[in-house]
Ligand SMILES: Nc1ncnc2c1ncn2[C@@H]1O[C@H](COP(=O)(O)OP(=O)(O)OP(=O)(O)O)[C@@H](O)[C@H]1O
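Only one chain comes next, encoded as structure tokens, the form predicted alone.
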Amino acid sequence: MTPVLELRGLTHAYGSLRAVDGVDLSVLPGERHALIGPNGAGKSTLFATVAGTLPATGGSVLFDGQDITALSESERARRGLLRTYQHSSLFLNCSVLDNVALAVQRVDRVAYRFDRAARRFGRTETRARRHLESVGLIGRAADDAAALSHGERRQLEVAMVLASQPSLVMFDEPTAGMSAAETERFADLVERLPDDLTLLIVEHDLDVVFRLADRVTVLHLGRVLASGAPEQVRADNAVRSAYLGSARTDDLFNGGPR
């Protein structure tokens, strides 16, 4: 099976500092793959290098078997590799429905104007409403995006991602800043996403990681420390040692208090 995403010796250096140091990683079609590690492990830099936000200084990124290392972030997105950010990126003064409708129109390559509602095309509105319903926001369709709670804004981002018809979605700390109830709703939403949609998730909440992930890769000091099934990673002594000092290791890996 050809991986959707494959990293071969991927490196990003800031001068003499290798924040990402020769990472090999593969993500298979339909896989929910989590990327974890203690603070300073290189997770955010790796994510940005895969997305094209930062250039690789060594190694390569393959997407659907094609080398995309030299492509821009926008070109990677056009090919179906999309990422979300730790801070929501929405049109806050537009309605919830119009935010999704704009994403639908981008895929359809339909011209739009910001002085007219994006949903003015009937087919666009129908599809936008379907995506809102899938993430539980159809009741907020007419509200401005600015009126949504933090968790609801994340739900809206997922609707916009789905409207863009990606093959791989990279979620960057999706539950950061969420309440326990919001985190639970978001995890439920991810579990309901289409089985053929591949996910790569950077997440600090290990309860969410071990609930959602089929496979977990652990970064430490810019390198892969361990990779495997969640239970393998949870039991790995080297992984536990890497987390010492940031919190009680037993609490982190056994679902206890943080």
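Heads up: residue numbers just count along the shown sequence, starting at 1. These numbers come from a predicted model, not from an experiment.
Note that the form predicted in complex with the ligand isn't included here; everything after this is about it.
Looking at 35-43, 191-199, 59-67, 229-237, which one sits within 4.5 Å of the ligand in the predicted bound form if you count heavy atoms only? Careful reading of the contacts points to 35-43.
Every residue in Y14, A19 and H204 with a non-hydrogen atom within 4.5 Å of the ligand in the predicted bound form? Yes, all three are in contact.
Would you kindly say which of E125, E173, E152, E73 lies with a heavy atom within 4.5 Å of the ligand in the predicted bound form? Flagged contact: E173.
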